[in-house]
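Presented as structure tokens, the chain that follows is alone, the form predicted on its own.
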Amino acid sequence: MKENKIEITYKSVAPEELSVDDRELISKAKEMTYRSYAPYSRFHVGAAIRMADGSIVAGSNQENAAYPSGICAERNACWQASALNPGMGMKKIAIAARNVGEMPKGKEDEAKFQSSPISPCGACRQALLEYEHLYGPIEVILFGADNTYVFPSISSLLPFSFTEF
């Protein structure tokens, strides 16, 4: 038996260490959490993608009582990006989340952003990975109020990915 090890390189950054463009992308992801429809989980996620031409396409999670018919913010954003910009690569994605949890009705907008970053689910990682295989690396910025992580690519989040398609 041979034991192997996987190492993932990422940066932990303060907001002032990010470029203006990256702070703009995070701001859009944060804004999208307020456009989320999450009456069941009360967990609001926003994602924003910087396209190859510099434009931004964003999405938010959208839940449905007929679970699992809803969609995560990351897939919402990447599928919109592909549909609105056929053939154009995606360069970066920023993700932010707010957990409304037990906040009283009508006070949800006061919920603070998660202190630690959240990471895309496996389905979102795979969906994004397919675009990465088409157009090249997609940098990942995971926003947290106390910490922000930057990964060089989607594949760094999904080391044993399904790539034979």
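Just so we're clear, the structure is a prediction, and the values are computed from it rather than from any experiment. Just count from 1 along the sequence shown to find any residue number.
One more form of this protein, predicted together with a small molecule, exists but is not displayed; see below.
- Proximity to the small molecule in the model of the complex, defined as a heavy atom within 4.5 Å, singles out one entry of E132, E63, E139, E108, which is E63.
- When the small molecule is considered in the model of the complex, only one residue from Q126, S27, S55, S41 comes within 4.5 Å through any heavy atom, namely S41.
- The closest heavy atom approach of V100 to the small molecule in the model of the complex falls outside 4.5 Å.
- Heavy atoms of I118 reach within 4.5 Å of the small molecule in the model of the complex, making it an interface residue.
- Within 4.5 Å of any heavy atom of the small molecule in the model of the complex lies no heavy atom of I49.
- Taking the partner from the other structure, the small molecule in the model of the complex has no heavy atom within 4.5 Å of any heavy atom of A94.
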